[in-house]
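What follows are structure tokens for two forms of the same protein chain, given separately as structure 1 and structure 2.
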Structure 1
Amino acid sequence: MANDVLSPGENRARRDFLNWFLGTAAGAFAASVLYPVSRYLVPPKVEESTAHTVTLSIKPQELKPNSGQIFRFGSQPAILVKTPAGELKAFSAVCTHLACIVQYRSDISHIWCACHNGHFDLNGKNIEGPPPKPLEEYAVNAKGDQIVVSKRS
């Protein structure tokens, strides 16, 4: 038998080699399973909508002063506000706190987030409640019958 002719030292070396070999193989196997699975779990990047400008289907005169309306800005919600003074403003409608969607409240003439009672003024500035940053403001152009909203660069 092979064992009979090997000295104890040689036997040891053989055991070590086998342990090393099995360990490496097991490790390689685990890695080759875990890596694809963990990559699989991360969703692929979808092309971000690169909307820089959108033309709204709302006519400027349809919007009453002191009101607001949500519209799509690419894949994100945005809000168009007509101030009590009749000025048009647009902001991202995603609250800077924990990403709820804000609304215009005509009773207090503020933009307001229902989720944790965050308040923003008509310049998008966070004035009360937990939101840490102002809302991103967009440029609004009313041309005749159309409203064009664009990202400020």
Structure 2
Amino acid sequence: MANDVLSPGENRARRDFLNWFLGTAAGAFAASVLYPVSRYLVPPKVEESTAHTVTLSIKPQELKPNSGQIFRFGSQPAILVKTPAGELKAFSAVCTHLACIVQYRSDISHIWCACHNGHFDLNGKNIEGPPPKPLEEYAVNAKGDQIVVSKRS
């Protein structure tokens, strides 16, 4: 019975170890919750695109009339549209409302932002919904089997 009683020094060491262990576990739990939440709330910094010209791997004859294709213009998404008349047009694919990625809808022949139902015509002009400005338009040159898209200056 006398062996089950801890001395005051042993009791203190056990209590210190439990306090350290519980404090470390609580800290690890808090870090595992707060880090993903902070990464979600603070978006990563995106560099401004420095590309002025992009040669696409898409051949002009591969793109069907009344269709669109998303591609990368530097670090930003862009959209290449072949109109129902067969004309190639390119725009920034970043919606001017809240920076969602737009897409081409062949059923209505518009560039459409699914986030808040924003519509752009085939000249990039905002025609319906909340987008406040037109899409940035790029110059498109189709030469042989290549499509070259460049910023207008």
Partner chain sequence: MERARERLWRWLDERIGLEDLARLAKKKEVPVHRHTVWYYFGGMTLFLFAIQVVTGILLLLYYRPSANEAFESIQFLMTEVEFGWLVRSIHAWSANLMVFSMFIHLFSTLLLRAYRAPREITWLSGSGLLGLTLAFGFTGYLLPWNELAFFATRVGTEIPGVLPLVGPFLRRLLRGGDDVTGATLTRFYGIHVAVLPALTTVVLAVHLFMVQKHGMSSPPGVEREGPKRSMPFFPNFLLRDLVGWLSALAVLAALAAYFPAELGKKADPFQPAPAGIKPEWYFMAMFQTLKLLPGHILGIEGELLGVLGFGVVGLLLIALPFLDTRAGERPSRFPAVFGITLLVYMVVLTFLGYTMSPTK
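For the two forms, the rigid core is made up of the largest set of C-alpha atoms that agree within 1.5 Å on superposition. Just so we're on the same page, residue numbers count up from 1 along structure 1's sequence. Everything numeric here is computed off the predicted structure, so don't read it as measured data.
Structure 1 derives from the form predicted together with the partner chain, whereas structure 2 comes from the other one. Put the two forms on the same core and the Cα of R12 is off by 2 Å or more between structure 1 and structure 2. Relative to the superposed rigid core, the position of the CA of R39 differs between structure 1 and structure 2 by 2 Å or more. Look at F21: with the core superposed, its C-alpha moves 39.8 Å between structure 1 and structure 2.
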